[in-house]
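One chain is shown next in structure tokens, namely the form predicted on its own.
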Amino acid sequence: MTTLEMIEEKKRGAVLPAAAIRAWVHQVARGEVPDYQASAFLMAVYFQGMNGDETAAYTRAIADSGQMLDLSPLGSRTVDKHSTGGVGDKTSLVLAPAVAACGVPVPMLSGRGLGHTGGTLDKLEAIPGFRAELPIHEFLRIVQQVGCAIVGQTPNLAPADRILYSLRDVTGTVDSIPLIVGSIVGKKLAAGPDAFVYDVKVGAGAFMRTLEDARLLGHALVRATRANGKSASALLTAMDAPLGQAIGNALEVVEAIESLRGGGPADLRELVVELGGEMLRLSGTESDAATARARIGRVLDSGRAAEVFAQMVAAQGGDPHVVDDVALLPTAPVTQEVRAQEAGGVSWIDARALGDAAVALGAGRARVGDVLNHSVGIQLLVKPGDRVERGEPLAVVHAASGEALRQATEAISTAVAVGDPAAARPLIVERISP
């Protein structure tokens, strides 16, 4: 089928053959489809959708539009995790070493932050010397030697996705579930792990704001992954308030290190234990979910996960001494507390507004190519439901200048509401598992 024929068929709601989808995606990767036609097809999919078979075929085509990694030399069943993005989400920094400390290889491809959501690679690059961009052979060597590595996507993996995503970004088709699934799962399949756990965020600070949308995405991710021969499950997790307390790259690394040593915020630990237990279960290392979660907890409390993290950092060129001395991380020159103007319960924390405030401080990107300041960010001192007194600190702002500090302070004052305490939804909202 020609691209025009595919556009005509899809705009009428027809189901496209898998072979036609695959051929079209590969033509996109080779630069043979004009942007205006590719954009028209994406818009047709946005309005008409794709069924499960079409989505699986589109996903597979994204994956094999470039290099497909062979992880068999690692000798064990490998597993990866993907988060749909949130505020203060430093989970991967703790999760990958913890699962690796249990003997399961974790070859993790991660991304950079854009907009109100942070990026795992940006956080890790707050560590002096850390290299997030590695050639494939070095990435695999580190996973084999250390048990995990966290790197960026190489140009040869899923090249069709880079072209199609850039078009989705400027045509208003980013939030199409089949296209989201193709992008996420296609890249994961190309990277080669045997199993995937998806952390689908839901709430004010997530891309999926409603439980219905998050549920649809979670099921679609799992279906497309299994249809392509891999094991998968998903957790729908709350992102109404930021995860943990730290928002900002170096601040989040500090919090991750605390968690790797058995401490850190309770919600971050809970999420790591839940996701890690699911990863162990899908890898076949543990069959019982409770036993798997307990094992993750033990490697955190024993310090073994922190040891693996230090080894990974060293292997990727970073200074492993940050695990013992977080003062090696960059610190902002200006800090200021934001205090409660009245007594009461914390009824609401607007995660999206706090993410945007962190971007304004320089911790994130408003546009691709923006340069980050790894030292700046926000430390939240309260959670929804907490009781505070007038004048009690709600947050600490870490800024590069007085003007940035003033703007962030104003944003936080309106993002944290004090009044009648509200019951927060549970962190683990729902499970989608075999």
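When you see a residue number, it is the position in the sequence shown, counting from 1. Computed from a predicted model, the values in this text were never measured in an experiment.
Separately, the form predicted in complex with a small molecule exists; it is not shown, and the next lines address it.
Contact with the small molecule in the model of the complex, judged as any non-hydrogen atom within 4.5 angstroms, is confined among 173-181, 189-197, 280-288, 323-331 to 173-181. For the three residues 24, 26 and 36, a heavy atom within 4.5 Å of the small molecule turns up in the model of the complex in no case. Proximity of residue 168 to the small molecule in the model of the complex: non-hydrogen atoms within 4.5 Å are present.
In the model of the complex, the small molecule lies farther than 4.5 Å from every heavy atom of residue 130. Using a 4.5 angstroms limit between non-hydrogen atoms, residue 139 is distant from the small molecule in the model of the complex.
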